[in-house]
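Just the one chain here, laid out as structure tokens, in the form predicted alone.
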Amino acid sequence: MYKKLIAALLKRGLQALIVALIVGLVSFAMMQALPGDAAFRIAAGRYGYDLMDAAAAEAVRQELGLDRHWSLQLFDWLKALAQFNLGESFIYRGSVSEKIAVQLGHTLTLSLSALFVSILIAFPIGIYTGLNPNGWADKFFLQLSIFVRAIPPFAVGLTLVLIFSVHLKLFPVAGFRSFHHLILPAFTLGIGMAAVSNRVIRDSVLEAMHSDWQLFSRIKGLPSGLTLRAHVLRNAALPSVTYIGVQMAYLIEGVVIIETLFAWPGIGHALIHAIFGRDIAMVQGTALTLGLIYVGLNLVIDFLCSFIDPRSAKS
């Protein structure tokens, strides 16, 4: 068991290292490829467009070393990264790590809330349709899932805003001041995730209900409720939990869009502002954090699968 744990940690650690290098290189290259003078955009972000001039841009260029060759700039970032230092923001002049630490808390709050919403919606629907396949409910939720999944996350968010904020006035449009500000962005992400995961749960339950061991447990005389709770749902949970790990990619992608739409102060919102402001250090640090979150979540999913099915820990 301990060997399995150590092997999983080493595997994910190597994966995290590869992700860090790829994300850093790609984000740096994309920022370098953007048109225009980065020094002017950074100076505008620091002093405002009214106070920004050529002299201010040149001062920023000299201060940050933007006139140096791109390979030297990249080498400095990789050297700092090897020391677990993400550098300082080009615009706000504060530590990138400290700013991300604050924003990460908001992002995790939104992500976990969206995951909870997804589970709250998907599991009851998936279990019911799996126990009653090809019925009217199964066909209805299949069509509904296809329709919802085809809609982009920002369109779902705008629809919820129009209904629950503009017309019904039940929730605020955007911002971050109370629990009510969390509901619409969490449901925007959660609904999109549940649209697919409920079908995965449905298929898992259906497969478990038609398995030989389920039939054997019924032949032994076990009550249907006990069979469902102790055997069917546990075996159906394994592929469902595994698929949640796949959905993390959708969640990370959606966080960037939804945080911007709802002005949620997370790392996705910060990433968009950093790109527009040409804050290269902030872009690299934020993108790196998103990539490492994905690696970490997959590690958690691996351990959950081992807990649900102990046989996987021995393989």
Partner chain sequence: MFTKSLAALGMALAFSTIAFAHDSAHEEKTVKIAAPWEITSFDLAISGYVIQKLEIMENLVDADENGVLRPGLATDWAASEDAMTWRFTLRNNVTFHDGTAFNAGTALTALTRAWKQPGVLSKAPIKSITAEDNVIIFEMEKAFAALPALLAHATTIIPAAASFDEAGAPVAFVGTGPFKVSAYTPPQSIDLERYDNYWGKKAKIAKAGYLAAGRAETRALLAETGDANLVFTFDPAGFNGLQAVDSVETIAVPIPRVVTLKVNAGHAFFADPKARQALSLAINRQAIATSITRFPEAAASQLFPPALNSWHNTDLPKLEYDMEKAKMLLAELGWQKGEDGILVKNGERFAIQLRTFPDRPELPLIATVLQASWKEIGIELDVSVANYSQIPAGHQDGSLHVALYARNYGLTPDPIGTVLQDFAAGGGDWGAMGWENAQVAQALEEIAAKGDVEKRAKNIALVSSIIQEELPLIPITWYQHTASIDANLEDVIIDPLQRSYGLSTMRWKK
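Numbering follows the first chain given and starts at 1. Computed from a prediction, not measured in an experiment: that's the story for all the values here.
One more form of this protein exists, namely the form predicted together with the partner chain; it is left out here, but the text below deals with it.
Remark: all three candidate residues (Lys99, Ser113 and Gly175) come within 4.5 Å of the partner chain in the predicted complex, counting heavy atoms only.
The partner chain in the predicted complex is not approached by Val26, whose heavy atoms all lie more than 4.5 angstroms from it.
Though the partner is left out of this view, His180 does reach within 4.5 Å of the partner chain in the predicted complex, counting heavy atoms only.
Using a 4.5 Å cutoff between non-hydrogen atoms, Lys79 does not count as a contact of the partner chain in the predicted complex. Using a 4.5 angstroms threshold between heavy atoms, Lys139 stays clear of the partner chain in the predicted complex. Using a 4.5 Å cut-off on any heavy atom, the residues of 269-292 that reach the partner chain in the predicted complex are, in sequence order, His269, His273, Phe276.
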